[in-house]
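Only one chain is included here, represented as C-alpha cells and corresponding to the form predicted alone.
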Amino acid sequence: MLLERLGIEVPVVQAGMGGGLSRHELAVAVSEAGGLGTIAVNGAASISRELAAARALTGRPLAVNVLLPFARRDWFAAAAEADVVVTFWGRPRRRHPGTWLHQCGSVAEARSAQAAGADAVIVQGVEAGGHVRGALAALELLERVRSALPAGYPLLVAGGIAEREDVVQALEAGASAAVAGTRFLLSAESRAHPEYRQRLLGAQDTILTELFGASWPAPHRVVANAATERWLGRDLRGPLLNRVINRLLAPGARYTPAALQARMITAQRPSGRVLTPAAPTDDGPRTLLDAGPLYAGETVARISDIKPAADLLRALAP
C-alpha cells in the first residue's frame, strides 16, 4: 500500500496550505506524529529552504505542495527532494520519478491523473477550504471516482475532515487516507496570522467566491471580512468587472517578479478591485486580514480551539 511504502503510520495528511501558511514547523509536527506533513511555499528557493529546515528536524516522510498556475520548472526540481510531491490546479503530468499525487475535483480529472502516472489522487469535495476544485460533496465524489478507476488504486479524500469520525467515515468509504486543512490551519504550528486564526474560531459560515482571484481566477472558500462585505452581493462569485480583471491577470501569474507580487499584496485594500489570493500569514501584511482571503472549509463551524499539531493528529487517528 502507498502509506506503508512511504512509512506513514496514521492515514491522515496535512493539506498543503499555500503561500506560506504551512511551512516546515507544521509539516514536521504532523510527520513526527505519524501522519504526512506538507510544505506549501512559493518559489524554488523557498521550497528548498523549508525542506532543508524540515529535514534537520525529522527523518519522517514529508510532502511538498506545488500550485501549477504559478510553478516554474525549478520549483519541481526543488520539490522532488521531498518524499511526496502534490500538484494542484492544472493538467496532471509527471515531472519527476518519485511519489506523485494530484488533487482532483472531478472524475474526468482523476482519470487523467491516473493515466498520467499519478501514484494516487486526492479527491477534493466542495466543502473544502482554500481553492476548491470539486463541485460535489467529498464522499459523493469519492464514490464516483472509485467506480471509475481501477480497483485498489489509492484515493485520498479532502474536504469535511475535522474529527476522528470524519476520518473513519472516509476510510470506510474507500479512501486510503484523509486530508485535513482547516483543522491544521488552526494549530499552534500554523503560520497563519494570529488574528486570522481567531476570526476562524468565531466563524460559523463560509463563502464560496471568486473575489480573491487576481492571477488565479478560481473558486475559493473563505470566511467573511471587510472585502467580502464590500464586494459580494447576490452573486457570491464577485462583481463581473473584478472577475474579468482576475482572468486578464492570470496568464502572467508564473512570470510576475516576486518584488512586484509583494508590492501588489502590500498595496491590497478591501476597496480595491485587484484582490490577490495571498492569505494573512504571521509575517505578512496585517492589512490582508480585511483585504485578503480568510481561507477556511465548512468544518470551521466545528472547530473551537487551537492545539499543537501532534495533538490534533492523535485526535484524528482512527
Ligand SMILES: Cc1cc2nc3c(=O)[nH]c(=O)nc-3n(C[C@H](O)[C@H](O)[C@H](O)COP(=O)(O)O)c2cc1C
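None of these values were measured; they are calculated from a predicted model. Don't overthink the numbering: it's just position in the shown sequence, from 1.
There is also a form predicted together with the named molecule; it is not shown, and the following applies to it.
For the three residues 33, 187 and 309, which mark the spot I'm curious about, does each lie within 4.5 Å of the named molecule in the predicted complex through at least one heavy atom? No, the candidate spot makes no contact with the named molecule.
Among 107 to 115, 121 to 129, 222 to 230, 166 to 174, which stretch has residues whose heavy atoms lie within 4.5 Å of the named molecule in the predicted complex? Answer to the contact question: 121 to 129.
Just to confirm, residue 92 within 4.5 Å of the named molecule in the predicted complex by heavy atoms? Heavy-atom contact with the named molecule at 4.5 Å: absent for residue 92.
Residue-level contact is defined here as any heavy atom of the residue lying within 4.5 Å of the named molecule in the predicted complex; does residue 88 satisfy this criterion? Yes, residue 88 lies within 4.5 Å of the named molecule in the predicted complex.
Exercise: residue 212 in contact with the named molecule in the predicted complex, heavy atom 4.5 Å: Because no heavy atom of residue 212 falls inside 4.5 Å of the named molecule in the predicted complex, the answer is no.
Taking the named molecule as it sits in the predicted complex, is residue 103 near enough to touch it, meaning that at least one heavy atom pair lies within 4.5 angstroms? Residue 103: yes, in contact with the named molecule in the predicted complex.
With the named molecule left out of view, choose which of 291, 28, 47, 67 has a non-hydrogen atom within 4.5 angstroms of it in the predicted complex. Contact residue from the list: 67.
Taking the named molecule in the predicted complex, which residues along 157 to 174 bring a heavy atom to within 4.5 Å of it? Those in contact are 158, 159, 160, 161.
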